[in-house]
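One chain is shown next in structure tokens, namely the form predicted alone.
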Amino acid sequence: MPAGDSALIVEFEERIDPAVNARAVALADSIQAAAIAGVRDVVPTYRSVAVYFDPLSTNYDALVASLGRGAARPVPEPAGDRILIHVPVCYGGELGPDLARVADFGHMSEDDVVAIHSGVNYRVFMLGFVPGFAYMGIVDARIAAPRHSTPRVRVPRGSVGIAAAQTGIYPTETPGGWQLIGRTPVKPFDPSRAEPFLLTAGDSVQFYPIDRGEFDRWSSNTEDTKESKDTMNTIEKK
């Protein structure tokens, strides 16, 4: 469907689902790879793809036809889209002020929350909100605590949060209402890196616990790091 005179949106089923998201990511990748003249940006979401184009230099009919062909392709396997990225997290304490709240929500101990949160691989469904903020899921229902009714004014960079079925990492200090259960020393977004974005739609992420001492060592060692995404991934593998 058109979204004004310079954007088109392709919508799939309206639900948070890895298979639906895999179709959206695959379509976005195919449009980007086609390098269609006049296309300015391609943005996948949970279940749709927005294509922004210059109406004065784009063959509109050809773009619509390309989107139709891409959307009709067989559904890819969502688990095999991208690489697995391991992200260290120091859970609880001052770095995870809402861990106890999430434990109360699930009627379990804080250690149980950590074990559940770090025990699965999460799919990166989309990026949004601020540069590098990856919406990941699906969070186990036992720890899927809803977001705060009143957001915090400042959430520190690297904070790992839960909001119902979603989990994510705040890439910069921003306001936010997610339940903060820990913090990672890894930078999801760093414009000084060759590849600024650590995570992209379709990636698979697994969190693993570290203690405060290790967090502090990571933070001091990566503060001025300029590694590319591939190097960062190698460092983060456990």
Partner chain sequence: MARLHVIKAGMLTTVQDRGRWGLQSRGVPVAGPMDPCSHRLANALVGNDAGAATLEVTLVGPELEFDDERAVAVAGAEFELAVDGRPAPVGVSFVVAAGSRLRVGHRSRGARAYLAISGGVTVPMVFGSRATHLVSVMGGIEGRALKPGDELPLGVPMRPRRSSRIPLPSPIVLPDGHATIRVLPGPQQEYFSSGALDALQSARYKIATSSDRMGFRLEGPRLTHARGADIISDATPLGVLQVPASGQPILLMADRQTTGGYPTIATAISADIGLAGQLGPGETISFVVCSHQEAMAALIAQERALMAVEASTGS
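Positions refer to the first chain, counted from 1. These numbers were taken from a predicted model, which means no experiment stands behind them.
Only in words, not in the display: the form predicted in complex with its partner chain, which the text now covers.
Contact with its partner chain in the predicted bound form holds for all three of R40, P55 and L199, each having a heavy atom within 4.5 Å. Only one of A164, A71, V130, V75 lies close to its partner chain in the predicted bound form, with a heavy atom inside 4.5 Å, and it is V130. The partner is not drawn, yet in the predicted bound form one stretch among 206-214, 43-51, 62-70, 179-187 has residues with heavy atoms inside 4.5 Å of its partner chain: 43-51.
Taking non-hydrogen atoms only, I9 approaches its partner chain to within 4.5 angstroms in the predicted bound form. At the 4.5 Å threshold, heavy atoms of A19 stay clear of its partner chain in the predicted bound form, well away from it. Its partner chain in the predicted bound form is approached by M126, whose closest heavy atom lies within 4.5 angstroms of it. Contacts with its partner chain in the predicted bound form, taken as any heavy atom within 4.5 Å, map within 1-38 to M1, P2, A3, G4, D5, S6, A7, I9, E11, E14, R15, I16.
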